[in-house]
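For reference, the chain that follows is the form predicted alone, supplied as structure tokens.
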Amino acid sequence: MDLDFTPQQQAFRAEARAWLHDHIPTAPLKSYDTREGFEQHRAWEAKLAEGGYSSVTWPKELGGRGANLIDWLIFEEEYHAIDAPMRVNQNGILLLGPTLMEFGTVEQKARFLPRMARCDDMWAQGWSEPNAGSDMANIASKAVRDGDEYVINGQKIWSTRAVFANWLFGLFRSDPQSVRHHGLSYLLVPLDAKGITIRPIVALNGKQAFAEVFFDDVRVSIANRIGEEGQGWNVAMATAGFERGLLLRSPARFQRTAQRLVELYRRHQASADRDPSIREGVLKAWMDAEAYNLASYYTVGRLLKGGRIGAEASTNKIFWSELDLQMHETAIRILGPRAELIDDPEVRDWLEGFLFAQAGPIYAGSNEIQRNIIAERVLGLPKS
């Protein structure tokens, strides 16, 4: 692996850094789990699209920049180094977008991707159900074929961004006689369709990060199906691979958090050093973030030579979710009793990050499920 950047890559970094410096919002945006904050982030995403930075690896004709994955890693480093706002349309641009690139028809790509890149459409996830969370093959929501439409009935839960988004992608059982991962279809559903009810779920931080979505005879065109009828599981596993692998959690995000953790430690070193394990935790976080970054460059180099990400996405997911949790737990230990002072700007970001990090080992497929995948598909161990 060549760790030196080419002159073209260095020029791209300089261009991205200058653009971000000139266009980053002058004041912090409100949480995108509020209506006002959601619209602020939407405007920021549109600004990114104007600059060609909303989805740097997509083809230009579909709203991207036509760059490769190394450029994407470079852009992410510059994006997080300047503490740019978190991306509100992650579900669309980082999960559904790559899925459409691989499985969508020409018409579907032209219809959905440019609007996604500009954030004209905001996307929610529709995976989990009350009895199908980590065990997604247990999905029960039905999509019964009626001519050129599907009629959907059922319920989704923990649907990220569903409170404010206008589209949802998800799996539905199109063969009522099927079981487990057979007979599922991957559908795109407009959230303003007749028969949809959205009920917000309040998260630990008091905001509406998730929602329950109820479907009562909701009609969706078959043109909204990604992949073949009954083959949705394969499409969904590709989406899950993007979520667990590189795209959703770029290494630069964790490198910046590790850097902030070192800065926090230095500001409170006198009190933090009373417990030597805190210093060890800070060092471990920094080294793990650097290791994840190097591993990501290695993976991207392999992908650019025609390789694919398989079950190793599960290893990535365990690593970044536990790293994120460990960094925020260490920060809370450094802050000590101050960690409860939510009005303190220094504390607020760490505390909210700590609360969010609790979910990391659960979402995108629980880490217990990921360890099973590694045991069976990577190590070849027998199923329990």
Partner chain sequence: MDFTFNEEQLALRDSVSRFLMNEAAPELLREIWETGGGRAPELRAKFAQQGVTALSVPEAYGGLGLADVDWALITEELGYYAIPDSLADTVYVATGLLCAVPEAESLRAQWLPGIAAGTARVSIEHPVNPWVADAHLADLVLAFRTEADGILELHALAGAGLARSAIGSIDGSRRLSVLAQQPLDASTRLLRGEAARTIAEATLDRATVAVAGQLVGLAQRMLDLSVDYAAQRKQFGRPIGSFQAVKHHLADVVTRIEFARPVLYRAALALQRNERDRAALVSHAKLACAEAAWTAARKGIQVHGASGYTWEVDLQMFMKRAWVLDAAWGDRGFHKARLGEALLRDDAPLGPAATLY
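Since we're looking at a predicted model, the values are computed, not measured. Positions refer to the first chain, counted from 1.
This next part talks about the form predicted together with its partner chain, which is not shown.
Asks: Within 4.5 Å of its partner chain in the model of the complex: all of Ile70, Ala81 and Leu379, by heavy atom?
Replies: Every listed residue reaches its partner chain in the model of the complex, so yes.
Asks: Could you tell me if Met287 has a non-hydrogen atom within 4.5 Å of its partner chain in the model of the complex?
Replies: Judged by the heavy-atom cut-off of 4.5 Å, Met287 is in contact with its partner chain in the model of the complex.
Asks: With a 4.5 Å heavy atom cut-off, would you call Lys305 a contact of its partner chain in the model of the complex?
Replies: Because a heavy atom of Lys305 falls inside 4.5 Å of its partner chain in the model of the complex, the answer is yes.
Asks: Determine whether any heavy atom of Trp127 comes within 4.5 Å of a heavy atom of its partner chain in the model of the complex, and answer yes or no.
Replies: Output for Trp127 is no: heavy atoms all beyond 4.5 Å of its partner chain.
Asks: Is there a heavy atom of Phe214 no more than 4.5 Å from a heavy atom of its partner chain in the model of the complex?
Replies: Phe214: no, not in contact with its partner chain in the model of the complex.
Asks: Among the candidate residues Ile222, Leu294, Ile196, Ala137, which is the single one with a non-hydrogen atom no more than 4.5 Å from its partner chain in the model of the complex?
Replies: None of the other options qualify; the answer is Leu294.
Asks: Looking at Ala238, Ala132, Leu264, Ala252 here, can you tell me which has any non-hydrogen atom within 4.5 angstroms of its partner chain in the model of the complex?
Replies: For this set of options, the contacting one is Ala252.
Asks: When its partner chain is placed as it is in the model of the complex, which of 309-317, 198-206, 160-168, 184-192 ends up with heavy atoms within 4.5 Å of it?
Replies: Single hit among the candidates: 309-317.
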